[in-house]
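There is one chain below, alone, in structure tokens, taken in the form predicted on its own.
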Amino acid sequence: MLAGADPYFTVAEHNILVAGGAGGLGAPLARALSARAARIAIADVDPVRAAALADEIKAAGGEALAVSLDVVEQASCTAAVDAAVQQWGRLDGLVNASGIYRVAPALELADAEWERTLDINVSGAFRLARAAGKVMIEQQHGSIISLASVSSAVANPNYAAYAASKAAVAHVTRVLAVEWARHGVRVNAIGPAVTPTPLAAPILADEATRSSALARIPMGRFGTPDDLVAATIFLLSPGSAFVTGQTLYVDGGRTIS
């Protein structure tokens, strides 16, 4: 039996920027990566929560940096990436967990909500990936992960804005993967099933909606942030060195039901 860490599945000493790092999915991923000896830049639109999580990680013996990030501004995306590089000298990974969740019937969906959903979920993911990609291309290595969704592939009523944004994330992932593969930069996405984070809580509070969503998951439960940890580690690790342009669905079978 091999002793010690498996070199195929390690993020030890990797410098990783977690965008939306103080949020319902980003924070658990940041903690999990730090627990495996990665250095974490926690980038979030809420700098107070980002700083609190960075302090928590440092108190536990990890290395962390809090960075203010608003993905609707390219300058903010560039500054967040630059802060991580200035702190540690390189950027090995980006986990883009920034996003909003707006659900409404198409006839009732305000233009402003449609536009904001796409600006944050798609354009924001692109802006940040572009900023990280520039650095990673210069390094000739790096791994970018965006959080897509089962809604990248399946159609749910009332999800026009969210589903459009996440389908776009999945396809932008493929395009960037093709563009940057020759530079040693891999670009992938993870597609979770419904996960009861604070972002989704107001929608899942409706019992009919909750029951309907649960009934569509063959494994019979909602996702948890912990379900995404292993997939994230895999896509950031040497073991996925020949994997790019993919959306890995961590969904209890939702996309095949």
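Predicted model, so just to flag it, every value in this text is computed and none were measured. All residue numbers are counted from 1 along the displayed sequence.
There is also a form predicted together with a small molecule; it is not shown, and the following applies to it.
*Asks:* Does the small molecule come within 4.5 Å of a heavy atom in each of Ile120, Ser149 and Pro192 in the model of the complex?
*Replies:* Each of the three qualifies.
*Asks:* Just one stretch in 136-144, 158-166, 84-92, 177-185 has heavy atoms within 4.5 Å of the small molecule in the model of the complex, so which one is it?
*Replies:* Looking at the other structure, the answer is 158-166.
*Asks:* Although the small molecule is absent from this view, report whether Arg49 comes within 4.5 Å of it in the model of the complex, heavy atoms only.
*Replies:* Heavy-atom contact with the small molecule at 4.5 Å: present for Arg49.
*Asks:* Consider Ala200 of the chain shown here, and say whether it contacts the small molecule in the model of the complex, taking contact as heavy atoms within 4.5 Å.
*Replies:* Ala200: contacts the small molecule in the model of the complex.
*Asks:* Quick one: does Ile100 come within 4.5 Å of the small molecule in the model of the complex, counting heavy atoms only?
*Replies:* Within the cut-off, so yes.
*Asks:* Considering only heavy atoms, tell me if Ile16 and the small molecule come within 4.5 Å of each other in the model of the complex.
*Replies:* Looking in the model of the complex, residue contacts with the small molecule do not include Ile16, since no heavy atom lies within 4.5 Å.
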